[in-house]
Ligand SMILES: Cc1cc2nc3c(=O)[nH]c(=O)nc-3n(C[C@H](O)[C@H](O)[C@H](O)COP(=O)(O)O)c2cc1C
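As structure tokens, one chain now follows by itself in the form predicted on its own.
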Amino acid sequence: MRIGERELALPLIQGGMGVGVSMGGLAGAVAAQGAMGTLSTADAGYAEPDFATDPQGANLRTLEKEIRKAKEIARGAGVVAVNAMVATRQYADAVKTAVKAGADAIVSGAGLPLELPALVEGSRVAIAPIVSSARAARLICRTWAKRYQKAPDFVVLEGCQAGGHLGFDYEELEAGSCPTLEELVPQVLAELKPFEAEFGRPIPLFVGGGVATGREMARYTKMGAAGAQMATRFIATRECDASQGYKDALIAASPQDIRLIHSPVGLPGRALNSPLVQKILEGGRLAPRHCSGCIKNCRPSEIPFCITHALIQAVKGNWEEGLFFCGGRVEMLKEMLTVPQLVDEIITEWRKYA
């Protein structure tokens, strides 16, 4: 299928994972298989020597470098995408940097990306919102059509079993009352139809947040989705940019080890029950020692912990201080694989049941 100017041979997206979990190494390896590999813009420069003194400069410099790395690894295959969070202070600059560096697509969530078309104006980069409801899909499509005469090149629907930050209320997540993907897929497809007619082209829908196998992927493509997005499963690959300590923590985990948290980003989050998470859930607080200015509405004097510090410690494998984001299907991580092995497993099973 066509995604903007690129051909996507396999209907599979590797979801973006920050901080430092999906960078150029993972995204490039996935794209090389003919799928979509996604880097995360979230504090991409965390490992740079000047991150403490110039986090904004370090982030943009690293993002550009990692996109070019991914493109080199992909060697013209697949799609190299960038995930940009609306909630971050560097959102606009990160999107513009990604376009300049040659990203094929921008995927945007953690807020409503209503101004995304303006940020990529004059380029041919594909753009896609991440949504968790038909209402959000309708609002974004209407806004883009009215303001910019533009429709999404594709849409990512994330269900309530996604990892990291979630587009649902904490209370409904905790109660298990969120709508299922089986309910959401036809609703979102129905909202996209008028815009497909208006702009004379399909708007492929990719389904994630609880989709972990090729058989599950086939369930949604039979319902009309174009493909699936998976993120957590790609952590247990040799090409994933996180440390082995991060990977080992997830491989050893079971669904009973997962907790919901209130993130400083202002959204619920799903992560492993690390010592940090245990302390936060017990009402404790780890006062930030340094602020990199990552989130727009963050109040360092009030937040229970610094999410930048926690995610950096996680990607380095520090179990005591890290926030180990993961999806609800973490039990699928049983052993280390290579990206080609994992993609082949998923696609082979999808083709069997499609």
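No experiment lies behind these values; they were computed from the predicted model shown. The first residue of the sequence shown is number 1, and the count goes up from there.
Not on display, but discussed next: the form predicted together with this ligand.
Heavy atoms of Gly24 never reach within 4.5 Å of this ligand in the model of the complex, leaving it off the interface. Put simply, Gly327 is close to this ligand in the model of the complex: some heavy atom of it is within 4.5 Å. At a distance threshold of 4.5 angstroms between non-hydrogen atoms, Ala128 is out of contact with this ligand in the model of the complex. Among residues of the shown chain, Thr237 is not one whose heavy atoms approach this ligand to within 4.5 Å in the model of the complex. Contact with this ligand in the model of the complex, judged by any heavy atom within 4.5 Å, is made by just one of Ala103, Val95, Val155, Ala162: Ala162. Of the candidates Gln90, Gln229, Thr221, Ser274, Gln229 is the one whose heavy atoms come within 4.5 Å of this ligand in the model of the complex; the others do not. For this ligand in the model of the complex, the listed stretch (257-265, 170-178, 205-213, 140-148) containing residues with heavy atoms inside 4.5 Å is 205-213.
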